[in-house]
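Only one chain is given next, in structure tokens, and it is the form predicted on its own.
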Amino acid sequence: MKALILVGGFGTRLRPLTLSVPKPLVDFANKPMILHQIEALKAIGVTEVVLAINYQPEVMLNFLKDFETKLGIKITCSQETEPLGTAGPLALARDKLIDDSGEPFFVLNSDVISEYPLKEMIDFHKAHGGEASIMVTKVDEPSKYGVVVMEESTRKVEKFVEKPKLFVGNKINAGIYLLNPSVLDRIELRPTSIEKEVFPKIAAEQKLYAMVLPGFWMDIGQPRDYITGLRLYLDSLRKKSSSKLATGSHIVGNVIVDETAKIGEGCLIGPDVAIGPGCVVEAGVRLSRCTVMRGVRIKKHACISSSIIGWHSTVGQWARVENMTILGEDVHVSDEIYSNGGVVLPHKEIKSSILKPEIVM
């Protein structure tokens, strides 16, 4: 079986982290976002993953070469010379996706984090016998999204309503598809949208079905949603009583700590924290709802909440970092500094407090 991951563009919403690496390689819960997906695909028997990409393919491929051997899965790139939307990349990668088996293939949006019930999706797809299956997820505020209107009993998709003013349903496209190869015959090689152009036509022919995603779902393409996504992800680990979660008197709620990280005396860590490889957290530090990436040092008595600390950065003693502060790679926050929502570009030194949310160039 094969899969295509829509990697796309520049990851502007996750800057300054994406100034250092392409967005799918930004760490989420201590491993690159895209690896969560590739591992889930491998687990259900996918043998080849094609990355549809228009930006820095060499960086992606060099990075993923290590994982090809580790996971035993073939990873290739299909590079766009112009942005092709969400359907065009399928036409471009057509020769990579089609083989003699006639099996359906997966398409995933690279920003989506969930429990990836892909095996259930294959069973669902076989059972309904249609041309395409999409995963949908329930949301509280459907007016912000494109809503999928479906027949509850058969799960057949009737239509799509973009950002509805009136309530038509609360299920939205979750960005995970399973498509028969025949779908590729419907897509021209041009910039085109699978949600707005391809799926409505398949739905009109009554060949599109929607499976409701069990468990959590989040598009983690922007900082606030990334932090929420981490909470949901850690919560799902807790429900599975995973051994990945940290334990100890200094841990509150759900926390993951890489085995190579060092944590000092008298710290209080959690809830909803990820601490990456090689991090040093000195004595008396307080961390909550935050991600601390590889090689970060947090000095004594610093306090960090609702923030993302990029690779190899330092947070000084008694510093306070909060309210969606995002430090790019190799940022150094001096002692006793306060950051209220600062977004700091890579390789900067912060010597004075950031009192209101702003970008530090």
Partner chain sequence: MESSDERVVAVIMVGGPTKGTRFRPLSFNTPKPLFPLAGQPMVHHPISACKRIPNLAQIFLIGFYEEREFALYVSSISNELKLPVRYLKEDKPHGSAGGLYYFRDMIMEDSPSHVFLLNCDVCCSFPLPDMLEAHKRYGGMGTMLVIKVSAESAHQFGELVADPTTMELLHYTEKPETFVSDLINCGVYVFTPEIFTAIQDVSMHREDRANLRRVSSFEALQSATSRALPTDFVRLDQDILSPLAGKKQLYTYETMDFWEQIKTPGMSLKCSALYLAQFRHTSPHLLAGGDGTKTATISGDVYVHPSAKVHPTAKIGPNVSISANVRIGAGVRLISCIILDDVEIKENAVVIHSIVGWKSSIGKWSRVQAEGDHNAKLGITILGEAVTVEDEVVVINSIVLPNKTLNVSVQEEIIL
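Residue numbers count along the first chain shown, from 1. Only a predicted model underlies this, so the values are computations on that prediction, with no experimental measurement involved.
Keep in mind that the form predicted in complex with its partner chain is not shown, yet the notes after this line are about it.
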>> Contact with its partner chain in the model of the complex for residue 345, defined as at least one heavy atom pair within 4.5 Å: yes or no?
In response: yes
> Would residue 16 count as touching its partner chain in the model of the complex under a 4.5 Å heavy atom rule?
Replying inline: yes
> Taking 4.5 angstroms as the cut-off for heavy atoms, does residue 359 touch its partner chain in the model of the complex?
Replying inline: yes
> With a 4.5 Å heavy atom cut-off, would you call residue 353 a contact of its partner chain in the model of the complex?
Replying inline: no
